[in-house]
Each structure stands twice: as structure tokens, then as C-alpha cells.
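Have a look below at one chain only, the form predicted alone, in C-alpha cells format.
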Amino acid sequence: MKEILRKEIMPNVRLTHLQTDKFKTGVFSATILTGLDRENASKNALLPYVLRRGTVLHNDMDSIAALLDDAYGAVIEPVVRKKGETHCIGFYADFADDFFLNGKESVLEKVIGLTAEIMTAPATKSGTLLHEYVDGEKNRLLDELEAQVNDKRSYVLSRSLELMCAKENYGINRLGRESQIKKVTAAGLTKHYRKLIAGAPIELFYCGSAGYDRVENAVLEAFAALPRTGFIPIPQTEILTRPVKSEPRVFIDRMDVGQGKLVIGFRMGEAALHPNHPALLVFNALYGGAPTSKLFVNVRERMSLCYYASSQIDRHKGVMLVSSGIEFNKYEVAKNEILAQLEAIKGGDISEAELESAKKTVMNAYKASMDSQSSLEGIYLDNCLSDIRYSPDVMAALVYDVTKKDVMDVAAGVCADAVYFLTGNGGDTDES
């Protein structure tokens, strides 16, 4: 891959350009960055889907689909992501790279042009987003929110954060809440849209064979109508380094489930404020983020306390979740052993083999990301929010240099903040 460029090309609009002929497709994304808050979360989640329904020139999805078909089957999809307390909403486009066509095509310009049209010239009536589009997407979003509950492994992660971070914006579901979705009106969503499009930070990303000048020119032409009349700073995530209370809070839900779900939420301490990102990733892989981790090898395999056990960290927020599936009556012993494995790391019980395996897991993940344009897009969006300027291959090299002491330094400040247990309607636990 050639040099990666990132440049502010319009007020509060930045373009990241990654040139490569490794892929036969090109990728372009446009992401609006806004604060995650209870008042606007549902509006944010609705907005890209409503915009994707139609534009001034192509007023329904069939018209847009026909245009994409003419562009060699290009795809432009709405995207709603949550990174720390930043709500990332926008569009991700995947299309045939002109380099691999007949040399006379301009699919790149067509796709960037249509993406800009969707964002800046939505279908309206008397200046208001169409009621039927808003109502239709509200129903779809409500269905998606309800469907989240059916995937219990994913649901308990969201639910545990909702409880653990009840007084923080981080506890808000990326889709918002049912009550808020139902309150959204076309007029209210239009007002919210106009505020965001006028001043919210926008991150643009391109990965493909086209040179920087061509991409920048295509973006400037396509987004010429973008109204940059205001300025909204990039949202800042509130980071708590310590647990809310001296002892972990305990939350128990009961549902008609056949397997218990135990989630322990941790605050990452000083490692969240001044993160050593390579060491943070190695710590996670060593603790529960890999098949060779302490949680997997000891809690799952050796002690047979759970069906699965894994950890994941949101480095933007400084929060780690350990999630496991257990028998209802193994709640106490599983919880204690999960915490014991963390204490083992803090105490330096890290073999050379464990450390090397954790480092290889992280390095291999970075190397694999260089074979996936969607992974690269996600990494560079993460980097923009974390103020990291390292490419995946450089990060992999930094991971190689992580020491046992680096991992112990990360672990030293990690403290359990909340314990969440989803049990059966008649399930037993060792705590009331």
C-alpha cells in the first residue's frame, strides 16, 4: 500500500485516502460524527436509512438501485455505529474499481456523486423529509430493536452497559430507545438533519487504486452543495477510571432462557486516559480475547465453568466487558474464577508462551485487516477518534515489542464495576 493521506478538504470535513491496487473493488464511506445522547440517539439511527430512501433526483429506492446497477452493481448502505460516546452515522459504498474495468469508466465519480446526493439532497415535500419514509424507517428500527433481544449473547452486552453506565451516555443503545423512536416526527428529524449536515464533523474514507488528486476532486465536486454554515466539535467521550462504587454493583434479569449469561464490566483505570494501545490489545488477547487466553484455557477448558468466555475492550471509553455462558447454579464460582484470572495477570502470572500467543493473535488480526477493505475502513475511523496515526502494519510491529511489564501496567488499574446475570425465570443464583 502507498502512503496514507488524511487532509481537511472542507470546513470540518476530512478525507482519508489509502491507495492500493490490491483489491478489485473500491470503497468509499462518509461518516457524520455526533454525540451519543438520549434525546437524539433514535434520530441519528433513523437518519441514514431515511436519506437512503430517495433523493431530489432519484426519489425512491428503485431509482437509486437502477443507478447502482448501471455502476456495475455498486452498493451504498446506511451505517450506524457507536464508538465510545460518539455516534457514527453515514454510508458505506463498495464498487468495482475502474482500474480493473475497461479503463474508460468512472465508477468512482458516480458512486461518490450518488453518496453525496443521498446526504445533501434528500427527497422532501415543502422542505420536510417525507413522512412516509420516516414512518417506514421508524417501524423498521423498532423491529430491529426488538430483534436484538432474540440474540441473547449480543443482547446481554448491550443490557449490561445500559445498567453499568446508566448515568453515562455510553449506556445508550446505538439504535436509541423504543419510546424515543415513536416520538420522532418528519419535521423533528428534518431539523436535526439540517443541524448535523451544516456543522457536524464528517469523516470521508477511500480505499482503492485511484490517486489522491482524483478522489479529492471527485469529493469536492460531489459535495459542493454541502452546507458548512456551522461548526460542531468532535464529540468527547467521558472516561471514568474508577468504578462507580467501592464494590461491584450486581444486576440480575430473568427471562425464559435455558442458559445463564454472565457479564462483568470493568473500568480500565489510568490505561484509559493515557492508553498504550498495543499493550492494551495484548492484555485483552491474553485475558480473554483469544482462544489461547486465560479465560478460555482455564475457565472454559480446564475448569469447565462455562460454555464460552471472552473479553472485549472499547478503547474509546476505557471499558472492558467479560461475557460468558454458564449453568444457572455456577454463577458464583464462575464469577470468582473470572476475577481470579485478572488477578493472576496483575500478579505477573504470565508465561512467555502466553505472552507470545497473545501478541501473535493481535498481530495476525492486524495483518488480516490489510486484506479487508471494510476492516481497514473501521480501523481508520477508530484512529481518527483516537488520534492514532499508525497504519495496521506499524501497529503490528509495535505489538511485537510489548513486554510482560507493559501488560501488567495495563492490568494494574483494571477494576470490576458491575456484574450482570441473565438467568431463567426460575433460575438459582448464589446471590439474591
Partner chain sequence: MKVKDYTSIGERVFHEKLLNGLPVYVVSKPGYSKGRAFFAVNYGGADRRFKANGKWLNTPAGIAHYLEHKMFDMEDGNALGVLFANGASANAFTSSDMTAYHFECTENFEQNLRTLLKFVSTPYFTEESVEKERGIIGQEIRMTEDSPETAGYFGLLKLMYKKHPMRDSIVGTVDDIAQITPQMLYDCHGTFYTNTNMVLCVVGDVDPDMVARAAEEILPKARGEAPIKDYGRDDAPSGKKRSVKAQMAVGMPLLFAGARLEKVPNERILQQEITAQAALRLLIGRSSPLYMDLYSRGLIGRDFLGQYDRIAGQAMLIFSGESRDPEAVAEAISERAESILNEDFSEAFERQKKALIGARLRELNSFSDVCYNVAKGCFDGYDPFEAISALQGITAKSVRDMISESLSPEKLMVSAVVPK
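Model, not experiment: these values are computed from the prediction. Positions refer to the first chain, counted from 1.
From this point on, the text means the form predicted together with its partner chain, which you will not see here.
With a 4.5 Å cutoff on heavy atoms, Gln19 does not count as touching its partner chain in the model of the complex; it lies far away. Residue contact with its partner chain in the model of the complex: Tyr308 places a heavy atom within 4.5 Å of it. Its partner chain in the model of the complex comes within 4.5 Å of a heavy atom belonging to Ile76. The closest heavy atom approach of Tyr380 to its partner chain in the model of the complex falls outside 4.5 Å. For the options Ala96, Leu189, Ile202, Leu280, the one in contact with its partner chain in the model of the complex, meaning a heavy atom within 4.5 Å, is Ala96.
A heavy atom within 4.5 Å of its partner chain in the model of the complex is found for exactly one of Ser351, Thr229, Ser304, Asn336: Ser304. Figure note: of the listed segments 241-249, 210-218, 263-271, 357-365, the one touching its partner chain in the model of the complex, with heavy atoms no more than 4.5 Å away, is 357-365. Site residues Glu168, Lys182 and Pro275 are none of them in contact with its partner chain in the model of the complex, judged by any heavy atom within 4.5 Å. Shown without its partner, the chain has Gly325, Ile326, Glu327 in segment 318-333 as residues with a non-hydrogen atom within 4.5 angstroms of its partner chain in the model of the complex.
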